[in-house]
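The chain below stands alone and is given in structure tokens; this is the form predicted alone.
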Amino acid sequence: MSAAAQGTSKAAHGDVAPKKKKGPGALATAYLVIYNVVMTAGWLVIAVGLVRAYVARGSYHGLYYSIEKPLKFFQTGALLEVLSRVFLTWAVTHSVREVQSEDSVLLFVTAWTVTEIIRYSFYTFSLLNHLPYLIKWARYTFFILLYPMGVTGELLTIYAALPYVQKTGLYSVTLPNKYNFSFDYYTFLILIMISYIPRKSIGRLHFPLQKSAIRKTGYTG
């Protein structure tokens, strides 16, 4: 092949612009922005409710009752994202009222609240292509404290519920019955606690790896 032909070939290749990844359409972006704004506002409502209740009571005991309704609403609204949290909210904390005044409940509610305010703010500003450094920093730094704080609160709450579940037989099905089926909710909760080891370990490793990748690529989404 002649030099002229090679030059023409290179020029032709050079004219082909690299394909850009398509982002979500305008309608999808608008929906996601609205969704994340609403969720951010919802968790801010929970945070304000916690603070107001603490100031009014002068104690952190029983604060769950002051934010019970918005917590159930906004946590259930994120059903597909955080199914395990929905389980803890309804199948444990709501169902076993004796644990609602436990310190562990305040522990995981506080961790969830701060986490979700940061997370939904992060998503909103990322969709708008205007992500403040402070929110980006908080997203990948606060987890060092919030993640173990939330997990500890969740596990202690399930543990506190065990005696009540065992005593009352809550959600358990015993034999004999016409379906020839049995289910022990007490044992199921213990298995849930054991499952935290592999599930939460993976989650604990995810954020440092993601943070490292962001530093290398500069990606902010």
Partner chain sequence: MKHYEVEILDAKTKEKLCFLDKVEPNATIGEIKSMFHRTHPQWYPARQSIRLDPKGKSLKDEDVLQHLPVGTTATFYFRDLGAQISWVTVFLTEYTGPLVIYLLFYFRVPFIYAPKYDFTTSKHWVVHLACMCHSFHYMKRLLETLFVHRFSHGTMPLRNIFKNCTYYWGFAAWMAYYINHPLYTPPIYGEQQIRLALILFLFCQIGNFSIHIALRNLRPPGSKTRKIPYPTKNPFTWIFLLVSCPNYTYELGSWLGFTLMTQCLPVAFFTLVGFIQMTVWAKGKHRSYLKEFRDYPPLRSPIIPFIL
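In this text, all values refer to a predicted model and were calculated from it rather than measured experimentally. Positions refer to the first chain, counted from 1.
Another form, the form predicted in complex with its partner chain, is not on view; read the next lines as being about it.
Using a 4.5 angstroms threshold between heavy atoms, P176 counts as touching its partner chain in the predicted complex. Heavy atoms of S195 never reach within 4.5 Å of its partner chain in the predicted complex, leaving it off the interface.
At the 4.5 Å threshold, heavy atoms of F181 reach its partner chain in the predicted complex. Stretch 181-189 is the answer when you ask which of 181-189, 148-156, 47-55, 161-169 has residues with heavy atoms within 4.5 Å of its partner chain in the predicted complex.
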